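Shown below, as C-alpha cells, is a lone chain in the form predicted alone; questions about how it binds or moves come after it.
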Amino acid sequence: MHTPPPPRPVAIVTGGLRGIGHAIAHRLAAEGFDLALVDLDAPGNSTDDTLTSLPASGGRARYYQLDISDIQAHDGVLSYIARDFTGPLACLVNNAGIASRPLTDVLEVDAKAFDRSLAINLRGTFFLTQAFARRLLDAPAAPGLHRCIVVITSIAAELVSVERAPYCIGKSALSTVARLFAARLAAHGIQVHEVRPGFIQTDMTASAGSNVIDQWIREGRVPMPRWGTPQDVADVVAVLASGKMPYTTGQPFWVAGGLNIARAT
C-alpha cells in the first residue's frame, strides 16, 4: 500500500516577489518547503509568473497581497495561509523593507519619510513576527518539525550612513527585535535568526547608484572583492530555516564578504 508523503512545512517570505526575497523563495522551495509569498503587488500576471518559476519539486506556492505596515491585516493573511496549506507553519522570513529614497542628509530628513520607513522596516515587521509567533505557540510542533523566524536586516544595523538615517535606525532596531523574540521563544524550541546582507546586487541597490560601492570593491574595502548576490543570502537563510544550526539563536549572520571586519589599516 502506497503511503502518501507527509505534508511539507510552510515558509512565509515577505517581499518575496523580487530580489533577495525571490531568491530565498526559490531556495526554500528546493529545500522542501511550501511557500507563501507576501508582497505589495496586486495579484496578476507578474505574481503568477513568480509562482510558476519556483522549482517543480512537488511543493506548492501561493501569493498573498499585504502591506506589512497595515498591522490590522496581519492576522487575516496568516489565517488565509494556514487555511490554504495542509502542512504546518514552520518559518517566517521577514524580508520586506524599503530603502531610503531619495538619499537625504540626516539634517534634512522629514517626519513623513521617517515614519513611512519605520512603519514598514520596523513596526510592521515587529507585529507580523508577534502574530506569527503567537500562532506557533498555539500549535505545538509535530515531532521533527523545525520552526524558526528569520529577520533580514542589513549591514546598516551596525554601519551607519548619514544619507540613510531612517533605514539605519530601522535596521538597527530590528536587530534588537530579533534578539527579543529569540530570548522569548527559545524555550519553546523556536529559533530566531538575524541575517545582515551587505552590498547585494538588486534593483533596490541599483536605484541608489553603485559607483561608490564599485570603488570600494576595487580598493579592497570589501575583503571578498565582489558584489554579493541574492543567492548568497538565500543560501544562508536555507541553512537556518532547515534547522542545521540547532544550538544558535539571536545572532547576526553577516552576508557581506567580510565588510564587517574591523581593520587597523
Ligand code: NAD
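The first residue of the sequence shown is number 1, and the count goes up from there. None of these values were measured; they are calculated from a predicted model.
Missing here is the form predicted together with this ligand; even so, the following discussion is about that form.
**Item:** Heavy atom within 4.5 Å of this ligand in the predicted bound form - the one residue of 68, 237, 29, 37 that qualifies
**Value:** Checking each option against this ligand in the predicted bound form, the one that comes within 4.5 Å is 68.
**Prompt:** Which one of these stretches, 75-83, 132-140, 145-153, 178-186, sits within 4.5 Å of this ligand in the predicted bound form when only heavy atoms are counted?
**Reply:** Stretch with heavy atoms near the partner: 145-153.
**Prompt:** Does residue 252 reach this ligand in the predicted bound form, with heavy atoms at most 4.5 Å apart?
**Reply:** Contact with this ligand, no.
**Message:** At 4.5 Å between heavy atoms, is residue 126 in contact with this ligand in the predicted bound form?
**Reply:** Residue 126 lies outside the contact set for this ligand.
**Message:** residue 241 versus this ligand, in the predicted bound form: is there a non-hydrogen atom within 4.5 Å?
**Reply:** No, residue 241 is distant from the partner.
**Prompt:** Is residue 98 close enough to this ligand in the predicted bound form to count, meaning some heavy atom within 4.5 Å?
**Reply:** So residue 98 counts as contacting this ligand.
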